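The chain below stands alone and is given in C-alpha cells; this is the form predicted alone.
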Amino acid sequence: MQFDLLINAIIAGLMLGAFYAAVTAGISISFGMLDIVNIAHPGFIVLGSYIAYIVNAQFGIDPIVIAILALPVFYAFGALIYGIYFQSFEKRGQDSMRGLAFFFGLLFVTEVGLIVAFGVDYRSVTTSYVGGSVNIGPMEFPLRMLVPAIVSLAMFAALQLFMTRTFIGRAVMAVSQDPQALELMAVDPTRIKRIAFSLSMATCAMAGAFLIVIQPVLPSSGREYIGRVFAVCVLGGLGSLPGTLIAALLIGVIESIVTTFYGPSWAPAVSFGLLLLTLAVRPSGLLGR
C-alpha cells in the first residue's frame, strides 16, 4: 500500500512539475535571459486564467484552445509593456532592479482590476476531462493534471526548438550574454529583447489556462507562485530552459511526496531547502553557465 502511495505521489509530482515548468517558462526568458525582474508574471498568468474562464463560460471552448488563440494578444501586450519598460529604465541606463517597482505596480493593478471586475469568488471552467482519470494498475492519472502536463511539455519543446534552431532564438540567447557583439552583427538588441519579452508574456496565456483547469482561481492566486517561479528559475540555472524543466519536475515530485507523507505545510520548506542546498554546492544552478 505504501509503495502504491509513493508511485502515485511521484506521478502527481511529475504532472505538477510540468505545470510549474509552464508557469516558470516566461520567467526563465525574462529574468534568466534578459535580466528583467518581472514580478508581475504570476499576475498575468491569472489574467490568462480569467480570459479562459470568460470565453469558456460564454462559448464552452476548451481553456487550452482559448489560450492558443490568445497567444498573439499576450504577445502584443508583452511588446507594449517592454516598450514602456525600455523607455523608462533601460534607455536611461537604470539598474534592472529599479524596474521591480514598475512590475510590482503592474501586479497590483492587474489584481485589483480582476477584483473589481469579478469579485473575490473562486472561478472555474467546464471541460470534458475535468473530473476524469486514467488508471493503469495502481497508477492514477487525473486528466485535469495530465492534459495540462502534456501540453506544457509540448510548449517547452517548442520553446527549446525555437531558441536553438532559429536565428531569433539564438539571438535571444546571445543578447543575454553579449549585446555589443550582437550589434556588431547588425542585429538590434532592443528588438531582440522586445521579441523575447513578448514571448515570455505569451507563455502566460498557456500557463493561465493550465492553472484554471487544475484548480479554481481568484484574483490573488498568482501570489502563491511568485516565490516558486523564481526558485525554479534559479535552481534550474538562469537562462536555461532545460534546466528550468528539470528543476520544475524535481520540485514538483518533492512537494508531492512531502505533501502525501508529511502534510502540505512542509512542502514549501523542503522545496526551498533543496534550492539553498543546490546553490550552496552549485551556485549557477543545475544547468547554469
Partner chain sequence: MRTPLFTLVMLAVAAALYLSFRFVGNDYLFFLGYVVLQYVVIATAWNILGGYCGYVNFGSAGFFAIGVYSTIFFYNIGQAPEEVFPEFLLTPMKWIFPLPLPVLIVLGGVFAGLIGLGMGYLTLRLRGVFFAIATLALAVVLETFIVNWSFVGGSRGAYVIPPENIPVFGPFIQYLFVLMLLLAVASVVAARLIERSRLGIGFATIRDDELAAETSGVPTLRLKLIATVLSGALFGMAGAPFPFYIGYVEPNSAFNLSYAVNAIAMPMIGGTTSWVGPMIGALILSTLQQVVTVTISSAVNLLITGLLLIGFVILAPNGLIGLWHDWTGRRSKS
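Owing to the predicted nature of the structure, the values given are computational and were not obtained by experimental measurement. If you superpose the two forms and keep the largest set of C-alpha atoms that fall within 1.5 Å, you have the rigid core. Numbering follows the first chain given and starts at 1.
Quick note: we don't show the form predicted together with its partner chain, though the next part is all about it.
When contacts are defined as a non-hydrogen atom within 4.5 Å, none of Leu69, Phe86 and Leu146 contacts its partner chain in the predicted complex. Only one segment in the set 104-112, 151-159, 72-80, 189-197 has any non-hydrogen atom within 4.5 angstroms of its partner chain in the predicted complex, and it is 104-112. Just one of Ile257, Val55, Val65, Ile226 comes within 4.5 Å of its partner chain in the predicted complex, counting any heavy atom, and that one is Ile226.
Its partner chain in the predicted complex comes within 4.5 Å of no heavy atom belonging to Lys91. Looking at Val234, you'd find a heavy atom of it within 4.5 angstroms of its partner chain in the predicted complex. Contact annotation: Ala9 falls outside 4.5 Å of its partner chain in the predicted complex, judged by heavy atom distances. Its partner chain in the predicted complex comes within 4.5 Å of a heavy atom belonging to Val37. In the predicted complex, Ser265, Trp266 are the residues of 246-266 with at least one heavy atom within 4.5 Å of its partner chain, listed from first to last. Once you line up the core between the shown form and the other one, the Cα of Ala9 stays within less than 2 Å of where it was. If you fit the rigid core between the shown form and the other one, you'll see the Cα of Pro264 move by 2 angstroms or more. Taking 2 Å as the criterion, Ala18 does not count as shifted between the shown form and the other one: its C-alpha moves by less than this amount when the rigid core is aligned.
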